[in-house]
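Next comes just one chain, in structure tokens: the form predicted on its own.
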């Protein structure tokens, strides 16, 4: 409760850091902030060419099947890897002035989240142009899906940003973990491809499975996602967030000393 009040008091600092990060992503480039939309658009063009002509997939509109899952995954993996390094990247700020240290990973993950939200402009356009269409009831579940993913990403960012201060190899370990994690999550393939029922059930031990499947249900299949599995992921995300904050709170007292 105390940390919540403190973070609310420093909300302007969080907003300021988010704005700074968003503006700094493409600072100095000619097109600037437009790259937020150009990047996913060119990704989509590459996927369309690759999986329509070079490596044709039996999955109908595979480019869309992949795109609607890959964009949320990029947010998650970026939050995990960049968030883990966020305290180290802001060590000059951390060692000089007092503020709740949670502000740093929160601002980083929120910046990644806002960037994903902006990218969804392209996703919605592509979904409508593709002929899949949008289901209003299904779209209404998107906020819950996004909040679930945000909570999980933030919890892991808090946990690993604190651990990385004391164990610098964590940054490199996480790059390997996220590389493996994408293959253990149905991002590049549909979950139905796994014919073994036992193995398929094991996939749901991965909390990102339900999240990615939910995005795909809403944006590719135009249907309401399986809410039971999504709610399990939401509860798991809350547990991760609480655990991440407990570890962060315990370790942050020594940040200035170690940095």
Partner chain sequence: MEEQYAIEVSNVKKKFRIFYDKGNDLKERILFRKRNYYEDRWVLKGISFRVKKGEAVGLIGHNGCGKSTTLKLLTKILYPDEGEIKLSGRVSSLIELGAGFHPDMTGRENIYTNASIFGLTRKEIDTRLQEIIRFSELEEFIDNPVRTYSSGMYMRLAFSVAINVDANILLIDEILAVGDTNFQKKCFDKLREIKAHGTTIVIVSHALEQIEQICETSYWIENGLIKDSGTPKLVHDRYLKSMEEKRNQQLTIQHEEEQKPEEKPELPAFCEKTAIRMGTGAVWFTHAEMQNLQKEKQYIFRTGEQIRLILEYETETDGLQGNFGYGIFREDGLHCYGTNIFIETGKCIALQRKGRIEILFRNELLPAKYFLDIAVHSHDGIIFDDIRQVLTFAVTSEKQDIGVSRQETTFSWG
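Given the structure is predicted, the values throughout are model-derived calculations rather than measurements. Residue numbers count along the first chain shown, from 1.
Same protein, other form: the form predicted together with its partner chain, not shown, and the subject of what follows.
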Region of this chain that lies against its partner chain in the predicted complex, out of 76 to 84, 99 to 107, 179 to 187, 145 to 153 [heavy atom, 4.5 Å]
99 to 107
Let me know the one among 94, 127, 174, 112 whose heavy atoms come within 4.5 Å of its partner chain in the predicted complex, would you?
94
Even though the partner isn't displayed, in the predicted complex is residue 241 close enough to its partner chain, meaning a heavy atom within 4.5 Å?
no
Just checking whether residue 10 would be counted as a contact of its partner chain in the predicted complex - the rule being heavy atoms within 4.5 angstroms.
yes
Does its partner chain come within 4.5 Å of any heavy atom of residue 3 in the predicted complex?
no
Sequence order please: the residues of 240 to 254 with a heavy atom within 4.5 Å of its partner chain in the predicted complex.
253
